[in-house]
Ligand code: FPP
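Form predicted alone, single chain, as structure tokens, below.
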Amino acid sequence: MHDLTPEDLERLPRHVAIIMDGNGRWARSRGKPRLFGHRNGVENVKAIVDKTFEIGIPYITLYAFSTENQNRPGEEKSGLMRLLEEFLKRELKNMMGDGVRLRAIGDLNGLPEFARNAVTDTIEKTKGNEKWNLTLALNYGSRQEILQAVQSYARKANGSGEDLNWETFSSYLQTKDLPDPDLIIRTSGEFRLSNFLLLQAAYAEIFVSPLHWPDFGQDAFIDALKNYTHRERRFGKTGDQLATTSTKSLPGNS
């Protein structure tokens, strides 16, 4: 259940992206190892994803492991990858039953083989699901994604960019099959995007919660959505112009 009003439900974002921050600090504040925080963070992923689809938001993207996270200690990285494998194997049956399609963005070749296999296997088995969409950003960095898109475009266009526009260029990004995020949530009180969806977030609303990710439960998630529904998304226009223009035709709402 939730306390969203009918008006709120009409204004919900279509695509929510979350920077899940603070697992390590959450664990440290309890005198526990960092992997204890990551395990609790994984359990919260299940709760938030379930709530997302329950209230009718069709796309959710989770920043699970950045390219910069490769600099963390080997034991922590290995533990994270085992948690990823465990989560995907455990949730596959639910994904199939609920019609959830898994996607991944990032360089999967940078993951351990067992984790990469778990991801690609789940992607393959859920590719026919069409009701809900869960995307995991794994070994992902937006700058790297942009450079790869430029390189791919340059090879295809033979170096000519005179007719290049955003619609064309965005088709070279790893998110080409996803709508741009309407709302980006970051937990743990940090006010930065950390190399996450830098171009796709051009018109996204941003919500920062002081809660560490394991404490950012369903009630906190609903509060973030309610905050979003009360914002005026102008896309460079004035409020008066929006009164006569459907936001569905504006950037980021396709």
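Model, not experiment: these values are computed from the prediction. One-based numbering along the sequence shown.
Although not depicted, the form predicted in complex with the named molecule is the subject of the following passage.
Note on the interface: of 196-204, 50-58, 221-229, 63-71, the segment with non-hydrogen atoms within 4.5 angstroms of the named molecule in the predicted complex is 63-71. The named molecule in the predicted complex is not approached by Lys32, whose heavy atoms all lie more than 4.5 angstroms from it. With a 4.5 Å cutoff on heavy atoms, Asp107 does not count as touching the named molecule in the predicted complex; it lies far away.
The shortest heavy atom separation between Glu76 and the named molecule in the predicted complex is within 4.5 Å.
Using a 4.5 Å cutoff between non-hydrogen atoms, Met20 counts as a contact of the named molecule in the predicted complex. Scanning Leu111, Ile184, Leu136, Leu178 against the named molecule in the predicted complex with a 4.5 Å heavy atom cut-off leaves one residue, Leu136. Contacts with the named molecule in the predicted complex, taken as any heavy atom within 4.5 Å, map within 74-98 to Glu76, Leu80, Leu84, Phe87.
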